[in-house]
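Read the single chain below, which is given as structure tokens and is the form predicted on its own.
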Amino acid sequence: MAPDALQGIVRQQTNPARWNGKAWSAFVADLQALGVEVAESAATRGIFATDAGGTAYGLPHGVVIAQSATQVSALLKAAQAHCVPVTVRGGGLTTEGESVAYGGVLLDMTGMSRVLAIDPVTMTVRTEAGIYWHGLAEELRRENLDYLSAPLNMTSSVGGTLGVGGIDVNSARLGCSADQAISLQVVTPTGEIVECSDNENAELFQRVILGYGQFGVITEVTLRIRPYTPLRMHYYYYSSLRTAIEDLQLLDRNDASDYSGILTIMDCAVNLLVAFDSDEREAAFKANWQQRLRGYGEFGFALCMAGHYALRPWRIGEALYLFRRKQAVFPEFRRPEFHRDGRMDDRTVVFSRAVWKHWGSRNMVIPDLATSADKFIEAVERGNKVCRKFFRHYTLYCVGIRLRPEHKPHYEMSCVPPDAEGWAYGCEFEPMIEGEVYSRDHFQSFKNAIYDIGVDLGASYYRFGGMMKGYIRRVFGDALVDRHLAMKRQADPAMILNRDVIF
């Protein structure tokens, strides 16, 4: 793309330059001598040409399917020696090209997808990091157990999720997915295999958790788990984003629900999801908090919307879109095969299925903002105006993240903003592409407008890489970025591991 292609838009970065391939043959020869197979066929490399976002494209020189920590160690040692870039990929659900290799070797972690041990006494599971969350959930359910907090899209890998955070509708109560990690086996950029936790090699643990793949490859994970429980879901409907967010934060501050989040159809049709693992928690909510919520039930909201559009007949097209969208989306959350006696048996399937069916497309552009609780309403309202400017239809997903009391070391340069205390809040701004074709320039200018709000508010972001990379110093400041860059150079002398994501 020509450097002047985005007139009037501050251009930070498009695809990184492709690695020139120097020393590739010697690198492959060394790996083959160690018994590490490198797939170099065009067909294999083409599988990994893009990520879920579908706007960034690149090809590795070769692909290695991860099989063991020892194999990953050999790969990274050889990569350091020959200065070959290594891009690590799990589910490939990045949207800014973070899991796309622009030359070098792509390390596909999905070859390491075994559950190693489930301990119902200590309520922990040890698993290889390349497993998808739905695969882990399936293994746990056989023991009547469950994960604590995981991404709504269950085709994310466990290791990839821990590197970026992982947000669930119970994160406001339990924290992000990364907070559930007790210990990790990590292969450092120089090939050492290290076990780390809050008590053992704590500094490495803090750098790898929410570290965006800069300080090591996660190969095994010990996670907290819990008994499996079906959940009962309630839906409250709002015509005001501000009111819905205020009610969401009210529930979070008072630990009034087990699950909470906001999903919009449009900014005038906002759905607050509230759910419970037990009858006792649900009864306490109904007794103490339900009457304080300002949302409508489904029937009441339908009457409200009918009155609203009856007075605005020129907006009938918008009303019809809301109706069609509701008819398509909401049955997905109530499919009878996943419900028993009014309870949702498997949110793993229900949410993940709905995400891909109704929000996935050829291009997925999901810029986001993460702020402290007091800045969140302003961030969402400003981001909503940007969405209205660039797209006819879009959806917002808002959720809280309860922070660890000692959160600063773990979240120092991550999606958690530095001024957040108690809770951070995140919002994803996702256009509804609906078969329309938009230029990459249009998508990037949209993302820039969202990211600029974050800079202005002192917020942070869930997704780094791609266009976001140019915002890192503006968000975190030179001092913090330079300190982490110095740590990166010490840990990764050849700067080969996931080199185009942050630094």
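Residue positions are given as counts along the sequence shown, with the first one as 1. What you see is a predicted model, and the numbers here were worked out from it, not measured in a lab.
One more form of this protein, predicted in complex with a small molecule, exists but is not displayed; see below.
Remark: of stretches 368-376, 166-174, 261-269, 224-232, the one touching the small molecule in the predicted bound form is 166-174 (heavy atom within 4.5 Å). For a residue to qualify, one of its non-hydrogen atoms must sit within 4.5 Å of the small molecule in the predicted bound form; all three of 89, 153 and 159 qualify. Taking 202, 355, 328, 81 one by one, only a single residue has any non-hydrogen atom within 4.5 Å of the small molecule in the predicted bound form, and it is 355. Out of the listed residues 431, 213, 417, 426, 213 is the one that sits within 4.5 Å of the small molecule in the predicted bound form by at least one heavy atom. Contact annotation: residue 93 falls within 4.5 Å of the small molecule in the predicted bound form, judged by heavy atom distances.
With a 4.5 Å cutoff on heavy atoms, residue 217 counts as touching the small molecule in the predicted bound form. The small molecule in the predicted bound form is not approached by residue 472, whose heavy atoms all lie more than 4.5 angstroms from it.
Put simply, residue 273 is far from the small molecule in the predicted bound form: not one heavy atom of it is within 4.5 Å.
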